[in-house]
Ligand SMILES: Cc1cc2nc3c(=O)[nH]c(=O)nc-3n(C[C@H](O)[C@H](O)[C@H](O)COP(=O)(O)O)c2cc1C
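A lone chain, given as structure tokens: the form predicted on its own.
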Amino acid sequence: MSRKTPSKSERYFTTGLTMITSRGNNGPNVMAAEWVMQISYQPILIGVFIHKGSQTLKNVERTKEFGINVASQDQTTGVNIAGGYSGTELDKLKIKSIFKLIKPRKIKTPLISGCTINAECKLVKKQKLGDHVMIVGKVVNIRHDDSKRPLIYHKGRYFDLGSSIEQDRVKVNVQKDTMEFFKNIASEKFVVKCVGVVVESKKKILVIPRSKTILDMIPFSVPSPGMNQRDHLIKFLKQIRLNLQVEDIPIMKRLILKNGKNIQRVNFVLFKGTIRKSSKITKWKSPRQDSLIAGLI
């Protein structure tokens, strides 16, 4: 079986590395795979792309099951062996001191110890795509190890996951009542997604009072998922009887609100607006008076 050597551009993809376990007439087998991904939450489905003609594919076609073993940074040798030899060439899992097998709970195919994730899968779909075959497995049992870090593959070399990267959010210190207001809106969601309008006049910003709070803020609302942001904003402005002309081009502001040890992430999709007619709601505030408003302009 011959394989095309990847071009320079193809090597710039960055992937994780997974060892796929299977079992056949000659016993258990393992192969290394880059193209492995979760494709559904309910049920949990995992897609694997395998080169046609591989021993693993033959095993999975026969047994209708396979194991997903997401490699940790300590398993470079195991991954190299799993990917460097075919099951017809060598009984890889018997190599001394390389692979330690663990017993599965829901399938008969063994799993590999020391991985970040071990998932037991039942085959639910097989489809040829290009020069590979996609197999999709339904996860019937899954476990993970928090103490392990995943192994990364890029340009033919192995990498550690490394340190996390802080997102480009503006940190804004807010009063306790402001924090409580947005915490209530969030209802324990990781990020509150808001849409609002910014109207400027004489270096001040149009604000409206929020009901049952002492918070004066730009006109904004929290749309339901899937709703067009601008359409929702215009509908909201009509509901509060604020007659504004809303521009088409959005601005994105990503904030982290902080009050002591409490934090809340908030995304604001903002549109510039102008007052069409005089309105009963015409309260203005200088950004210097409010750190949150200052963070939005």
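Don't overthink the numbering: it's just position in the shown sequence, from 1. Since the structure is predicted, the reported quantities are computational estimates derived from the model, not experimental observations.
Quick note: we don't show the form predicted in complex with the named molecule, though the next part is all about it.
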Residue (of Val266, Val60, Ala33, Ile68) lying close to the named molecule in the predicted complex, criterion heavy atoms within 4.5 Å: Ala33
Contact residue in the predicted complex, from Gly83, Pro223, Pro104, Gly114 (heavy atom within 4.5 Å of the named molecule): Gly83
Residue stretch of 172-180, 85-93, 121-129, 215-223 approaching the named molecule in the predicted complex, non-hydrogen atom distance within 4.5 Å: 85-93
Non-hydrogen atom contact Phe236 with the named molecule in the predicted complex at 4.5 angstroms: no
Contact flag, Gln229 vs the named molecule in the predicted complex, heavy atom cut 4.5 Å: no
4.5 Å heavy atom contact, Tyr158 and the named molecule in the predicted complex: yes
Contact label in the predicted complex: Lys258 to the named molecule, heavy atom within 4.5 Å: no
Interface residues of 182-201 toward the named molecule, as seen in the predicted complex [heavy atoms, 4.5 Å]: none
